[in-house]
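Two forms of a single protein chain come next, each set out by itself as structure tokens; they are called structure 1 and structure 2.
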Structure 1
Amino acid sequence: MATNGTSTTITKESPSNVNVTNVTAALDIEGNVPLESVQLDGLIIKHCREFFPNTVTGQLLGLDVNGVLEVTNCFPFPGPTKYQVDMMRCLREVNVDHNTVGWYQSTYLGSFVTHKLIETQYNYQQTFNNKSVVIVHDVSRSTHGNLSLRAFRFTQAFMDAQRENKFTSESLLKNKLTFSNIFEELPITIKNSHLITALLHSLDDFENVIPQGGISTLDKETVTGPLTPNFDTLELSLDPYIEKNLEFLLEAIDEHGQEQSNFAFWQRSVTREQTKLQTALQKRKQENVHRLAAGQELLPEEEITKLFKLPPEPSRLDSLLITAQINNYCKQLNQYSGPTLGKLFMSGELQKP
């Protein structure tokens, strides 16, 4: 007996004696098995490509099966929350998986580390006990021959800091939080349904895509099969992609410099206030020395401390997010520049006599 890919073991002695332990462990009803990977199909890709270059988001539905988050369905977010509730109710009525396991978002050139993503993913993980992920699909990067699908969730260190809503230097040191451990990336497995697999095998047969008019109506030199290899990935020029990536990188570096300037200004402000405080305390101590010599009552030093208030430390969250985005841009440049240089050297060798 199988349901959604999950097997139920029945002993030979009694057909009704179901091994409940195996079922509970597989479905992870109590949420004890940590997530290790994500499995999904291509519905997300279809939605993101239809609306490219606009950014789209949507809901992921599925099951957590033995540490694997199986995404079995999804639907886009058109706007109001009521639509999501009505959509899940309709899916439940037709006996389709309606358990929320996360959400997805399209992006352009890897620019996804934003406050909106932070707030949304935090709400999902708070609600579903860290059993939810965000799938990020970069359509622009996928057009260069590499499918870009990445699954993320927040680390426990970032969840603790976000729960306190405190991103000061002390909080970052306490939680051992840096830009490199904001997200935890999970491996993704693409799984096609049996119908999709059968369709791909049928499309591989060139005769099935010939129109009813017959072969005589086709130009055999220009017509290619639907699964003909795409040689565009061998294109040596990636200048537009790398140029745009460099522009985004420079903008992120400028934003990071501005954040550093704001933090340096706060440090200077704290130093000035502390200098004023120490000067005022020193004067009060000298005044108390004279009053003590004159036999007068000493003045309290606490009053001086209350007069000076140190400016609060600005949040370091923006700096963390910008640094994480810069790191993402640098990785993309490294991933695309390396293969491009390899293809250039290969083409150079092929052209030698």
Structure 2
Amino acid sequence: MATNGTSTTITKESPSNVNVTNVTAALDIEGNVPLESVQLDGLIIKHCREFFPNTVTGQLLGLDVNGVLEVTNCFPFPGPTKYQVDMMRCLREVNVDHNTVGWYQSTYLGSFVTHKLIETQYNYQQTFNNKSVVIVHDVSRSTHGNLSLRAFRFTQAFMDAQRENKFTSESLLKNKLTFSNIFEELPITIKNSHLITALLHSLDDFENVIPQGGISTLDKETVTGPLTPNFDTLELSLDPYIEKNLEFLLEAIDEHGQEQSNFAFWQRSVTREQTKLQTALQKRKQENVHRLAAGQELLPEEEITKLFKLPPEPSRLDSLLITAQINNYCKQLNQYSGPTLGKLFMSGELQKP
């Protein structure tokens, strides 16, 4: 995950922009340009919000154009895999974009760093040559005034580690893998189609959208952004959000404690085994000294090392994920409480007679 929260920007489609990207896309035939950003529209949000608080997943379709992954279409996974295949076939038949570029998932309070996500994303990224992302939409956060839509993909380091499926301390060290570089976050650009933009404008202020002078007089300066600022962000019932977040955080810490004790247990058993091994080795050495004195053949020392099996190190993936999750929660809390403090001061001032 990127350490600094990336803001999602909403841009209006400008004709010139489209042209440029299309031209470069034509140049990049082999698809060597790595992904740098993601561009998508609001369809995902609709699906996620409809099914809240259940988490849902779905497929992203589109094309990567010169480092920008353009998501043009998506459809949900209601259940069986057959649906997915059928859907893909149908889409192809009607000649819509049917190139899989990733998947999306809704989440609750940023608790998305799970094994399931890791596996699915690994499969996607493996199959589609690293040009595949997962879009995570946090519905609960979005209701608090900030749209939370984030695009992630695995870093190369994590991909390597996952490929080996080995998460020992050693391999973590080798791949320079920490909780903070499991994912890399890509900036998201939300691009609405002209139709939607128009709709939004009309919803907001019907009279102003169509100026008296007709459509031709429409220019950028007179048109304000659609859906003028609402007062969602001034919501003062802070407790539920912080509470839930704290609860999750505590849970994660407990889980981490579990992992830690597992690890400590392993450490202890390793030291125990090692002392056993050392004493056995020592004994063998002494025996060899005696044998040497008696002129007998020496007993091999390697045998002993083979005799004792050190217990395998437990996978560190779990603790890695939990740490990432804890980091998520903490950041969320931070991001939330900063502005909240401001809000509280403000309301405090307002209350003053």
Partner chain sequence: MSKEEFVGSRFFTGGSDTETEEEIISSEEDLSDEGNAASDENDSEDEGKRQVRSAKDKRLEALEACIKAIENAEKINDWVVIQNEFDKLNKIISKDPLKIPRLYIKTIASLEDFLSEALQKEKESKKKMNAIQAKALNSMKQKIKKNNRLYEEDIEKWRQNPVDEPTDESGYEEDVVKHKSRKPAVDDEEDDISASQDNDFIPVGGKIIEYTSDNLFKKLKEIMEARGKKNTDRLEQIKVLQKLLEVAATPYQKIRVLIALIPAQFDYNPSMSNYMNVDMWKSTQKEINQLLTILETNPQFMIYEFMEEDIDDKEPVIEPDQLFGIRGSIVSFIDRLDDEFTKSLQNIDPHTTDYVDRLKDETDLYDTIVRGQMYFEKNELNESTSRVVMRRLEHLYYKPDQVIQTVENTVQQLYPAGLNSKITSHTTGFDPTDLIHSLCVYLYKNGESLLRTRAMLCHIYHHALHNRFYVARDMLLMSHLQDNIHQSDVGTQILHNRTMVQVGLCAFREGMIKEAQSCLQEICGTGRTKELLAQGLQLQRYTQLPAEQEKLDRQRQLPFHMHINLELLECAYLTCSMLLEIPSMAAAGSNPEARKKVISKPFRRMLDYNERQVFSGPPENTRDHIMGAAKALAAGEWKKCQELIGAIKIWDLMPETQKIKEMLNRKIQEEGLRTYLFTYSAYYETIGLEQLATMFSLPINAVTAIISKMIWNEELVASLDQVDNVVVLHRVEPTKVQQLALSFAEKAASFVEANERTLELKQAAGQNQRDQQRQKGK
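Please read all numbers here as calculations on a predicted model, not as lab measurements. Numbers follow structure 1, counted from its first residue as 1. The term rigid core refers to the most C-alpha atoms you can superpose between the two forms while keeping them within 1.5 Å.
Structure 1 derives from the form predicted on its own, whereas structure 2 comes from the other one.
Superposition of the core reveals a Cα shift of 2 Å or more for Pro300 between structure 1 and structure 2. Comparison between structure 1 and structure 2 places the CA of Ser347 2.7 angstrom away from its other position, after core fitting.
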